[in-house]
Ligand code: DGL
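A single chain comes next, written as structure tokens; it is the form predicted on its own.
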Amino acid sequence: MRIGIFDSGIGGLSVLHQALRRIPEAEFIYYADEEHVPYGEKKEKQIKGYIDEIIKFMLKKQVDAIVIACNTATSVATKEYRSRFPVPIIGMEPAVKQAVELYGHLPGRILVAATPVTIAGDKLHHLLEKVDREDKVDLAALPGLVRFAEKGDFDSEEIMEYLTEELKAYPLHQYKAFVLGCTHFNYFMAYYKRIFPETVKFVDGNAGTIRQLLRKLGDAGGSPDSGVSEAVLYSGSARRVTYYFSGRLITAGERERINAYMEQLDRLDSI
């Protein structure tokens, strides 16, 4: 089984990270559109053009399914649009519904962070109309985190300064949940834990996206405890994933960069 996963850049590696655990028998193609990152500050027409090109590339590689590991791209690529293609295409959206279902009964508010395109898009607002019946959800655009992630900057005071400035107008002490509505945002968990109260719950859509992928493939199996140790999983992952940057195979130096991101995701598991 061959699965394509793509993002505007390296944010979607957090989805690949989940997929490697949940589907140890699969082969993956990961496509980072490094020539056009970040998507979150571009026009919808531009983004849809990039998506068309990537999906055609994936189909030529004979994938069995495609995961859009980018909330911004999913907000542009509607279900109707994705149904035009001959393989299942699974998108992802900010896990607002999950956050409301899990923590809506608790006192306090929910903050959803995403890119400007996602926040301005109809898709997110239609979702809020359905699930945020008590008007407890706030939205925050944090495009700067995409730039920090793409530079591989996970540990600098500039990140803390950026978050403090962008979130200064929000009542941080009132939040019970923080939704990571962009896959690039997962790399900065240590900073969120410094900013928010200890009681805040963090929610992202990665695990749910992989569950949806498994449902689309008709595979009821697979779990984080699938019997394959992490050591075996990751030692074999280099053979199981082929990486492309905007349609070209990555270089040896770029593979080192990818490895550094995956190692960062491993470290975050222990936080």
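Note that the coordinates shown come from a computational prediction; the quantities given were computed from them, not determined experimentally. When you see a residue number, it is the position in the sequence shown, counting from 1.
Here the subject shifts to the form predicted in complex with the named molecule, a form of this protein not shown in this document.
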(message) Can you tell me whether V146 touches the named molecule? I mean in the model of the complex, with a 4.5 angstroms heavy atom cut-off.
(response) yes
(request) Please check if Y31 has a heavy atom lying within 4.5 Å of any heavy atom of the named molecule in the model of the complex. (result) no
(message) Under a 4.5 Å heavy atom criterion, is G40 part of the interface with the named molecule in the model of the complex?
(response) yes
(request) Would you point out which of 133-141, 180-188, 97-105, 157-165 contains residues with a non-hydrogen atom within 4.5 Å of the named molecule in the model of the complex? (result) 180-188
(request) Output the sequence-ordered list of residues from 160-178 with at least one heavy atom within 4.5 Å of the named molecule in the model of the complex. (result) none
